[in-house]
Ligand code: NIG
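Next comes just one chain, in structure tokens: the form predicted on its own.
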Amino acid sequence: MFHLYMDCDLLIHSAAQLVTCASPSSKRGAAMREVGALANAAIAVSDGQIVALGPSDDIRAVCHAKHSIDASGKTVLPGFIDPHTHLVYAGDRVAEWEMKLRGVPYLDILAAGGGIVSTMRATRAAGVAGLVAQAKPRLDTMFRNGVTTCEIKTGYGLSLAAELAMLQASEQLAQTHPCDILLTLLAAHTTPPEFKSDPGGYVDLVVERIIPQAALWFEHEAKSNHAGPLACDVFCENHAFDVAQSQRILRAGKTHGMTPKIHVDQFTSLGGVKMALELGAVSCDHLEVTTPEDRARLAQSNTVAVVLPAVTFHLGSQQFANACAMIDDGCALALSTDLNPGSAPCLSPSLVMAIACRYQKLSPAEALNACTINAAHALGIGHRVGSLEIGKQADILIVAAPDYRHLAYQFGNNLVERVIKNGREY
């Protein structure tokens, strides 16, 4: 199985449990309930890649390591992948949240300057340096919580200059932070106030100017720093963008080399899932009110269904996506924090798993696979990260518990004790 003897940079040994989440593709159906748990196991790393794993005694017998970690009593598992975040923004919406708790209607909150437009104003005013300064502590916290790869969306700029500033801020984080970052243009998040009476004019701006300029910037300024292409997203929903507008925006993105994805079926099923699948979307996200027919379409596609339980929890709603039915139907299911200031100020994949297990009735294994290997496929990078397999990037977590199920069983604390990114311990 191994060479007679090998040198390695890092050896993590004697783990009570090593969980691989290994799979040649995104997991579906019964495979979601298998995590590949090995008892008393070890994993060896060289040049940032996994080179061996298996029973601890066997690996230790053939591997000579520059650095070793004794993981006795601990769980070793893949780094979390967060495939849907709005991590870069300015300000907060805590006052708006308190108004909601007091029962103030959302339209009144909007009239008082709340909602996405409130974050838009703060984001436009912050500039690139201000956005980086506010976003970095959030990214640091996510990394300590085990997120080794994440996506960052724009969508709070809602103008050419401000959307590009958000991309530039995300790019600065990608260049300086150990967490791998993939970028998504979400200029079509909502219609900005200056286009309130002309929403079609804003769609024209997105298609004719923002998308081409963002693609040009990415090609010349950022592409070499990222694990995947720039993606294009749209919020397909009542009071946002209808199916025809969303289709036009995603098609324009594809024309400029952007991977399509979509916010869809959060409150209303408009037919956006079918449209997105026809365009080859890498993921369909939210899906709280997705119909059985569209679940079947998702199951027959390569598109990953990304559900966001922290949103429903934060909004105090009971309208969770029917994650169990998606798994039963054969969909590739992923989980994400949807970190954002309005509906999910959540920095913890473990909390997302805890919510999904309790309210969406996922098993701990299904939840973990949804936060690792399937989340990686939701970003199109499942061949490189998301599981512990020989040849994959050494993004590894050491958890202060003897069994991976504690990640969802416990809540309100962070069990991630050590983060290894590209073979380097942080």
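Computed from a prediction, not measured in an experiment: that's the story for all the values here. Sequential numbering from 1, following the sequence displayed.
Same protein, other form: the form predicted in complex with ligand NIG, not shown, and the subject of what follows.
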Quiz item: Of the listed stretches (140 to 148, 212 to 220, 124 to 132, 339 to 347), which one has a non-hydrogen atom within 4.5 Å of ligand NIG in the predicted complex?
Solution: 339 to 347
Quiz item: Taking heavy atoms only, is Lys74 within 4.5 angstroms of ligand NIG in the predicted complex?
Solution: no
Quiz item: Do Gln266 and ligand NIG come within 4.5 Å of each other in the predicted complex, heavy atoms counted?
Solution: yes
Quiz prompt | Any non-hydrogen atom of Arg93 within 4.5 angstroms of ligand NIG in the predicted complex | solution = yes
Quiz item: With the partner left out of view, is His84 within 4.5 angstroms of ligand NIG in the predicted complex by any non-hydrogen atom?
Solution: yes
Exercise. Could you work out which of Ala310, Ile327, Leu167, Ile116 is the residue within 4.5 angstroms of ligand NIG in the predicted complex, going by heavy atoms?
Key: Ile116
Exercise. Just give me the single entry in Tyr202, Phe235, Phe320, Trp97 that has a non-hydrogen atom within 4.5 angstroms of ligand NIG in the predicted complex.
Key: Phe235
Self-check item: Residues within stretch 279 to 301 having a non-hydrogen atom within 4.5 Å of ligand NIG in the predicted complex
Solution: His286
